[in-house]
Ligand code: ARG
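One chain follows as structure tokens, the form predicted on its own.
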């Protein structure tokens, strides 16, 4: 099932299981800045980054992962690549059944972000995971901003209509063989799928419904037994849905998303609020700032 519009009801019997993730990659924010406006969140934020505060917040995020037993690997930033701290975007990492992963280089929209891709690809190559590239004619794809992997499954959800084209999602599915479900987005201000959808576990997603179009919400309800809705104001103002679900039921999310955290707790999940508000000025939060890493093949 490489690309499916609406997965069959028995998808759990047909989609292979994959090993749990083996830690996260974070990129240091030493060069983080807002130098132009690439999305609606960046409007009015040029030159307003407090780098000392940003580094303190980044270190608090890393410490939060370590405190709950998640291994943290660190990639150094690069001068002139002010958005590289959002390391979820330059590649797609799709775990395989027996461990390891297919790593696919992104095709970013903005020139400044295209320069990040070789740095992240090089990190994966040095760790035994060479990346492949899609063809020049497939359109754009912005990594895990728009490709969300269902934990423990060889299954991904792909957002299109914002930064990533449906043609690129089709090419990704064909190149890797991963089962991929396309979801149509309205676009700005929710320009990436990870700004309006968080896949918290195999059964649970957190959504901001106004960001979707077509039958995307119906598809999500057919796929997942639990569809939790984020507080609308927190989704718009504090990137509440840019959250990261961990295998033990913890959910790392922006500290300002207080009502959304209450929704998660009521569903039996364990919120881990972290203040990364300095990064919100650039349109990114927790999920954008980390990249899940696969286990090594058995």
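Given the structure is predicted, the values throughout are model-derived calculations rather than measurements. Numbering follows the first chain given and starts at 1.
There is another form of the same protein, the form predicted together with the ligand; it is not shown, and what comes next is about it.
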item	value
Proximity of residue 288 to the ligand in the model of the complex, heavy atoms at 4.5 Å	yes
In the model of the complex, residue 113 touching the ligand (heavy atom, 4.5 Å)	yes
Residue 39 within 4.5 Å of the ligand in the model of the complex, heavy atoms	yes
Heavy atom of residue 163 within 4.5 Å of the ligand in the model of the complex	yes
Heavy atom contact within 4.5 Å of the ligand in the model of the complex, the stretch among 85-93, 217-225, 119-127, 202-210	85-93
Contacts with the ligand in the model of the complex - residues in 189-223 whose heavy atoms fall within 4.5 Å	191, 192, 194, 195
